Ligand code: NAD
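Next up: a single chain in structure tokens, the form predicted on its own.
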């Protein structure tokens, strides 16, 4: 009889009572935003994710113009895991045709998302990339609309996402405590940019759950390098390329090290990473399991941080990125 595989750690998400897998399954690739993904590949990758203990899946109507939600919904149904055993988050306010954080649009949005996902509710609904809208509208109109969806049982918890870190303090300082359950930050807790760390005590004091995404800095921390649309400066791209080359010379994988760097902070409940194949699921879970047993590769990480020091925490303007 085959032994059960090792599974990734579960972490509590703020005050929600939810326990998320420390590796989160980012389903944006199901929207074909990084190349074609067949339904079969989506189903087998979701099945493998469950087998290895991943219980958190994230999508948005923006990814692939609703395709990601449809494919994720199809995969979850095909795999057939009981609904209470997994956590799904989707988003509202950002769509393929633009941004709309009005109460009417986000209210319609959740019904559309639930139909595509083939679910009765989502665990988390997040306002998507709120820096592109009016933050005051998000505070005064969008979040109250999401509270009504919570009361109606269509969502269990609500959150906000975006790139600039100051959007989180702006909103959280203007809503009553306990209203916003979770924030999703991206590209601010990785080897090249760890500025989210400064915000963690504040977020914890608010009882807000913390999810981070893009541990590979949208492709900067990979051997193949970022996509052509990546908004980083030439200096940052060059430094990350040098860091990747250094790792390869040492027989190390920069993407695995980057994933472990993001996973190592237990104040972060889950690290979301886009996945579209069984191989990617297995690699990300292996990085998490190796971190648990062997710890971080402090020596190589310190060498990488030395290479990246001239561009450390060099962010880029918030732009229209796929992620």
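Treat the numbers as computed from the prediction; the structure is a model and nothing was measured. Numbering follows the first chain given and starts at 1.
There is also a form predicted in complex with this ligand; it is not shown, and the following applies to it.
With this ligand left out of view, the stretch that reaches within 4.5 Å of it through heavy atoms in the predicted complex is, among 140-148, 212-220, 232-240, 196-204, 212-220.
Note on the partner interface in the predicted complex: the residue among 260, 55, 28, 45 having a heavy atom within 4.5 angstroms of this ligand is 28. The shortest heavy atom separation between residue 280 and this ligand in the predicted complex is within 4.5 Å. This ligand is not drawn, but in the predicted complex it has a heavy atom within 4.5 Å of residue 129. In the predicted complex, this ligand sits within 4.5 Å of a heavy atom belonging to residue 272. The closest heavy atom approach of residue 184 to this ligand in the predicted complex falls within 4.5 Å.
Residues from 248-267 that approach this ligand in the predicted complex with a non-hydrogen atom within 4.5 Å are limited to 255.
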